[in-house]
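Take a look at this one chain, the form predicted alone, written out in structure tokens.
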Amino acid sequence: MADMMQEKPLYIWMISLHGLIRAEHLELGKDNDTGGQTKYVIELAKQLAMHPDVEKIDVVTRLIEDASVAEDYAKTEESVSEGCRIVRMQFGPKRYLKKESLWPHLDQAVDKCLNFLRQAERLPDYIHTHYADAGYVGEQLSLLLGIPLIHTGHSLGRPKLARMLANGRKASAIEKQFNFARRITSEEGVIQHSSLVVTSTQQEIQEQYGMYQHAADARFKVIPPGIDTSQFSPPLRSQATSKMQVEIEAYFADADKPLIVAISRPDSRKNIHGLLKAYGESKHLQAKANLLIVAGSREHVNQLEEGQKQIITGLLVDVDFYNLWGKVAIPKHFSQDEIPELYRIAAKKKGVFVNPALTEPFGLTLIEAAASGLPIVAPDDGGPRDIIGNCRNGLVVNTLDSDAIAGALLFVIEDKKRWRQFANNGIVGVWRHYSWTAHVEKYMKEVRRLLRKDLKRLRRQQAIYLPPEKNYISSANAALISDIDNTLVGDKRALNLLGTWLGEQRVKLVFGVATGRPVESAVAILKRNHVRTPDVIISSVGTEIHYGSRLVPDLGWAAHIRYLWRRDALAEALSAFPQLTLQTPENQREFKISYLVDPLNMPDIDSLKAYLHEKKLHAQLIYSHEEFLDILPIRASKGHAIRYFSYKWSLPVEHCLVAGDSGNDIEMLLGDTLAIVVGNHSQEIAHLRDETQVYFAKAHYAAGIMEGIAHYQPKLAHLLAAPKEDLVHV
């Protein structure tokens, strides 16, 4: 493996989609989505780019064009360091969106990434995703391209949902705001599929991931985040008074007292109000120390988003209520570049850093403070327990107890000898446990092990996607791929009109079908309806691909979807459910097991998935037309087959018209395709009306397809008229 790496260093994809990501001057705390994850991703990418086994890193995020944010986020590409760049994909609306609003647009993100990778010189050696939204995109890319997936959750949906419900919030209101159902489903899939899940603490594995169904089978590795110890360092003995120190001291009536510092986003979960209450109710603590709270940046409170506005207004009201003027400062501005100096000023004043959050998965600011020689007080929760256990530089407390917070702060600052011991321990502990050097070495050790295991499979996978010889398909500009039953056929007159239109586009347009039928049955019904043989037939619910009148099979697709497929074991396991009736033999295929079901009597789909998981069997379950249940390999579906076809034949997904009517068409209708739902669609597909790139026709069958073609006519006219080389980057 080492020899292979020396010959061909790694190309790594890091995906982090939400928040505001740029190479320098990170706007941490600008909103709830731009916090520690943003900094960690950029720092990890920088540090990995310096490793001799790494050639190139792309940090993939969302392109944003919005007057309310900096123009930097509209750049399609930005250099981070040598060998490392940010690549921004435009998906969904151009404006900035909160992470909870990104979910409807993630299938489009998958297609944008596929189009980018199709044009790249090589595929990444692995993908590392951050948070559930990127995890969903990374899982789809991994399934489609056979690339190993590494995932870091940063925060998880199930624990967050449990906390909110415990605090008395209504489940319906929570779901409307946070989209937890889709997030948790995505997290379950990512946990199950990932080759490696990176966590910051053992507690994160046991208490947070332990709430997930697939956690028992996942491969976890604790690799605590690192920090740049050249940036975060203790103050020099002879350090002169800086301009920042003068500005900070101007807030306080007695600036010589020790300085308590808190840094966080203005978010209720960060419990800044609890800290201010602890300080305001302790005259002893007020006499001993000043308090500086850095809670994001603001020009005017009224300009903040509602949640942040409530937090900051509440803090200012509390300062007035407890009469803390001259003892507490809540500055309007603190840039990320100023934070290291702030830690040093607090350390110089023999102060303490406090994180009063209700829960803390890790706490990057804790190790930044520790490296700066500043003792810490933090919640008795996951990350802080490990950090203080390793560094022995402070206390963990119950942050719901304001007296406990005040007592811990006093314990640190009142004994000068103890303070010095905590400060020295923190500096040494960070060097030993939390430097980027240590982090990257642990990380790369796991990557080497992962790729060594997957090397043969990866080489085989690359061969599947080698560009095919030039032919009619590879020279076409666009494609129309339609379901057959109840979509293409059903109206002979409209079908004849569609056939005429297809004939007129013969040179520039590929015609294909994507059907649940076996290929032989698909060909037979097309002949009965006088439809010419398609250029591509995606059959058996996306498990088979054939080309042209000779029905040449795509052996690369068969090799790709064979991954983790155990047909006989699945059939035996599902025989335990008498409600599932096997369809006729001609509907059973190498990569498909098909059942008839009664919707009033069928087993719950989630229960079936859980049952197969217990048996350590991997499959997709596709329910359609309220009577069919298909069991497929995890990499197979109509949607994945179309994207494989698109990638292999250099036909961008956004150049593909797709038409369908039922549940097994949903995946191919989502994302960047030009999607058409015919008027006679089944109810199970009606929810797609909320999707911006799905056109619901009023007309039925082929007439609905023609109506959809008319809807997309401006783009189609451009695609069919232009030379293909001019469309590569569209």
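The first residue of the sequence shown is number 1, and the count goes up from there. Because the structure is a prediction, the values reported are computed rather than measured.
Beyond what is shown, the protein has a form predicted in complex with a small molecule; the following relates to that form.
- Query: Does any heavy atom of Pro518 come within 4.5 Å of a heavy atom of the small molecule in the predicted bound form?
  - Reply: Pro518: yes, in contact with the small molecule in the predicted bound form.
- Heavy atom of Tyr73 within 4.5 Å of the small molecule in the predicted bound form: Close contact is absent here: in the predicted bound form, Tyr73 is far from the small molecule, nothing within 4.5 Å, heavy atoms only.
- Query: So in the predicted bound form, does Val430 come within 4.5 Å of the small molecule, heavy atom to heavy atom?
  - Reply: Contact check for Val430: no, nothing within 4.5 Å of the small molecule in the predicted bound form.
- Query: Might Asp133 be said to contact the small molecule in the predicted bound form, defining contact as any heavy atom within 4.5 Å?
  - Reply: Although the small molecule is absent here, Asp133 would stay clear of it in the predicted bound form, with no heavy atoms inside 4.5 Å.
- Item | Segment that reaches the small molecule in the predicted bound form - one of 368-376, 510-518, 90-98, 608-616, heavy atoms within 4.5 Å | The contacting stretch here is 510-518.
- Message: Going by heavy atom distances of 4.5 angstroms or less, which of Asn271, Asn179, Ser594, Gln620 would be at the interface with the small molecule in the predicted bound form?
- Response: So the residue touching the small molecule in the predicted bound form, by this definition, is Ser594.
- Can you pick the one in Ser650, Ser200, Asn587, Ser402 that has a heavy atom within 4.5 Å of the small molecule in the predicted bound form? In short, Asn587.
- Check, residue by residue, if Val541, Gln583 and Ser624 all come within 4.5 Å of the small molecule in the predicted bound form, counting heavy atoms only. Contact check passed for all of Val541, Gln583 and Ser624.
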